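Only one chain is given next, in structure tokens, and it is the form predicted alone.
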Amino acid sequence: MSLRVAVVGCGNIATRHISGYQQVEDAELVAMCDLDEARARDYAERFGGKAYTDVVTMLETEAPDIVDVCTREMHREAPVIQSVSRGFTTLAEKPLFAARGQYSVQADDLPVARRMVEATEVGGAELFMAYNYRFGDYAQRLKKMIEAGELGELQYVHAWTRLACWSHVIDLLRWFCGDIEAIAVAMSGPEDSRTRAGSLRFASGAVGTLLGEGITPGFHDMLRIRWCGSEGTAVLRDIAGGLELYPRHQRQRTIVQQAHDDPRGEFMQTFHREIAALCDHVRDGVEVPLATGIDGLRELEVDAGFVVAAERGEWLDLGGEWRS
């Protein structure tokens, strides 16, 4: 029995998701849906399945096991709600919703995102987020070290990222450190690619900083996260670049990295692992580190919170602002 997969939004990011399904032996691409009929037909011819321009018709006709929504962030609300409210397991690209684009998340995007998450209750469906950075080898190693207590109790975290990875890094910080409770922010630069620097306070009481910018060229590192605990420090470098370990009581540094010179050589594998994990979960009920719709909403709250905190020039209590 194959896993029937329908893809909504036939753009560039969809090809990365499709590549993942092609690696899963029992996954079958049964539908390609796009408002542009020619594009939907092109993808159906290239990758399989039937072409559709209407999501509801596609869902009722194909009854897929997985609906993968790869539309632009400003066009994501309708297909996600249409899918989850009818009970279909759905994977959505990140961020969950952004009317002005992913670099310009605003507070008025949040009610839309909440409706998307709440729709899962109507259909009793699962909504997952495509935060594939969780499936990088070194990100998973760091997560296991944190959970095993090898680095001790979190003291602070410092993260820097290019804006292309912005929402991913917010998700990773929440995954590594727990919920972000409050932020204080300053911003500069052009409206559509503002450099943003924030101080963070986590629900655990730990503190941190997060800097996002679009100045550093893409051929350099895309991100760094420095996680400092009571027993040691770990530095995650780039999407798949390696992990540096600094034990507190030893004068040494351990570097764990790929044997070749391409720090992004494993990047596509993060998509493949994420899709494989989704298929394992749907097929076998396996518990996997997929980000949920709630994770997507919490990430968006932090993103929008950066704008609000910068405008107010004071600490913003995220829970009190949007979750009470």
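Note that residue numbering begins at 1 and tracks the sequence as displayed. On a predicted model such as this, the values are computed, not experimentally measured, just so you know.
Quick note: we don't show the form predicted in complex with a small molecule, though the next part is all about it.
Item to complete: Among 73-81, 201-209, 149-157, 182-190, mark the stretch whose residues have heavy atoms within 4.5 Å of the small molecule in the model of the complex.
Response: Among the candidates, contact is made by 73-81.
Fill in: Close approach of residue 308 to the small molecule in the model of the complex, 4.5 Å, heavy atom
Although the small molecule is absent here, residue 308 would stay clear of it in the model of the complex, with no heavy atoms inside 4.5 Å.
Worksheet item: Though only this chain appears here, would residue 55 touch the small molecule in the model of the complex if you measure heavy atom gaps against 4.5 Å?
Response: Taking the distances in the model of the complex, the answer for residue 55 is yes, it comes within 4.5 Å of the small molecule.
Worksheet item: Contact between residue 233 and the small molecule in the model of the complex at 4.5 Å, heavy atoms?
Response: Outside the cut-off, so no.
Item to complete: Flag residue 93 as yes or no: does it have a non-hydrogen atom within 4.5 angstroms of any non-hydrogen atom of the small molecule in the model of the complex?
Response: Yes, residue 93 sits close enough to the small molecule in the model of the complex that at least one of its heavy atoms falls within 4.5 Å.
Worksheet entry | Partner-contacting position among 113, 169, 130, 142 - heavy atom within 4.5 Å of the small molecule in the model of the complex | When the small molecule is considered in the model of the complex, the option within 4.5 Å is 130.
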